[in-house]
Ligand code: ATP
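Presented as structure tokens, the chain that follows is alone, the form predicted alone.
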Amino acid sequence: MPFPSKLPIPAEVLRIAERLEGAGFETWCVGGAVRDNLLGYVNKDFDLATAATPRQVTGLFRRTIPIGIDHGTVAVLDKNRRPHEVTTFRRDVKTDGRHAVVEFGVSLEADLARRDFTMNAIAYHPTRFEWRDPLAGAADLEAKVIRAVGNPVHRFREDYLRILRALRFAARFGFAIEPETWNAAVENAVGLRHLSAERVREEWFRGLQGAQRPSELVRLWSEVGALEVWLPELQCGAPGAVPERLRVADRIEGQDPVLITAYLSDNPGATLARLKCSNVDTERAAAVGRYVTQHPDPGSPAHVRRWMAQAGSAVDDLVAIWVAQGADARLRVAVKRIRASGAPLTLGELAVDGEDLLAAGIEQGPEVGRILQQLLDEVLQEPELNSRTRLLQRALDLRARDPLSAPPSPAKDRSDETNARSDRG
């Protein structure tokens, strides 16, 4: 792959590089933005690698954030307060499969030699327009091959997350993983158990969002052994097969990682909890699991309203899944019309509340909740009933029909008093 004469370095990044170079510190553009631009993808998030130590970087710039200072990374803020990562040339001294102890003061070549894959070990000088590619990463890009730098077993044992990164890149770019690198990934997949859930979640979600087809990422995770370790509830079918569930996942609009994971999992709540997702995302996934098999009749507005009331915040997720499954598109239209109409779907949207019922003479207690639920059920059937006057009258009718909630009649009171006197006599 021939190198272009220049890369489109953003002016803010160029100013940071020029200041570092002006202070005598060799500085290069490295990482994903270099790789993506060589492949024709737009990526302006250029990272810088420099001979300056973190202390020297923070001394040169007024606004910095020590985002990973133990590993040599400082974020330099531009005039718009956007962060740009600047990392000192480094090499690993000791690793445990999750974290590395690094040493500064090495050359650019030594820094590139510690990277994960050859395609990520290409450097570009932003002011001299020079290229450094000591590991033939450009040739692997041209061949559409993902190859570990050096010994792949050692690379993966330094940080097991690199196995998942290889799968993400393969699914994103449609590249093949070089056989020795693939075999090392399979051999070391058991080491994925040592990773934190947060790092695995980020890699999984980024992989789903960036994959040409989510099903391809799932297949790779399955074949390398990562699903068994981290996502055992996901269904991917027999080896080499693409079951209908994966085909549907490929058609879900927006490639939402939470929604795709929930749809593919036999126990969405448990899957997202294991990945230590937020409570909001975990409950969202669990709701998808609860209601995904309930298909309302789009030709019945009342049926759709009742379903929307039950599914709550999961409605849009469920519609997205059913559309991907090829269901009747009228459901999406029906949901949109019901929302536009303002039809009440929850107790909070009724024209009366518990205080109104108490003021109307209904005794405080469980009966209030029961009547409100009955009112909502009737309004879901006929939204035009949702007026304060009509609902209060209906609430009194419901109380009067329930002998347990109606007050004792005067005749019954006198009878009880007569019986009591007779007992005492």
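Keep in mind that this is a model prediction, so the values were computed, not measured. All residue numbers refer to positions in the sequence shown, first residue = 1.
What comes next is about the form predicted in complex with ligand ATP, which is not displayed.
Do heavy atoms from each of 89, 125 and 128 fall within 4.5 Å of ligand ATP in the predicted complex?
No, the whole trio is out of contact, none within 4.5 Å by any heavy atom.
Answer with one of 165, 245, 332, 84: the residue that has a non-hydrogen atom within 4.5 Å of ligand ATP in the predicted complex.
It is 165.
Residue (of 284, 115, 305, 219) lying close to ligand ATP in the predicted complex, criterion heavy atoms within 4.5 Å:
When ligand ATP is considered in the predicted complex, the option within 4.5 Å is 115.
Stretch in contact, per heavy atom within 4.5 angstroms of ligand ATP in the predicted complex, of 115-123, 292-300, 70-78, 250-258
That would be 115-123.
Do residue 31 and ligand ATP share at least one heavy atom pair within 4.5 Å in the predicted complex?
Yes, residue 31 lies within 4.5 Å of ligand ATP in the predicted complex.
Residue 204 near ligand ATP in the predicted complex, any heavy atom under 4.5 Å?
No, residue 204 stays farther than 4.5 Å from ligand ATP in the predicted complex.
May I ask you to state whether residue 399 is within 4.5 Å of ligand ATP in the predicted complex, using heavy atom distances?
So residue 399 does not count as contacting ligand ATP.
Is the gap between residue 378 and ligand ATP in the predicted complex 4.5 Å or less for some heavy atom pair?
Judged by the heavy-atom cut-off of 4.5 Å, residue 378 is well away from ligand ATP in the predicted complex.
For 169-187: residues with a non-hydrogen atom within 4.5 angstroms of ligand ATP in the predicted complex?
Heavy-atom contacts to ligand ATP in the predicted complex: 169, 172.
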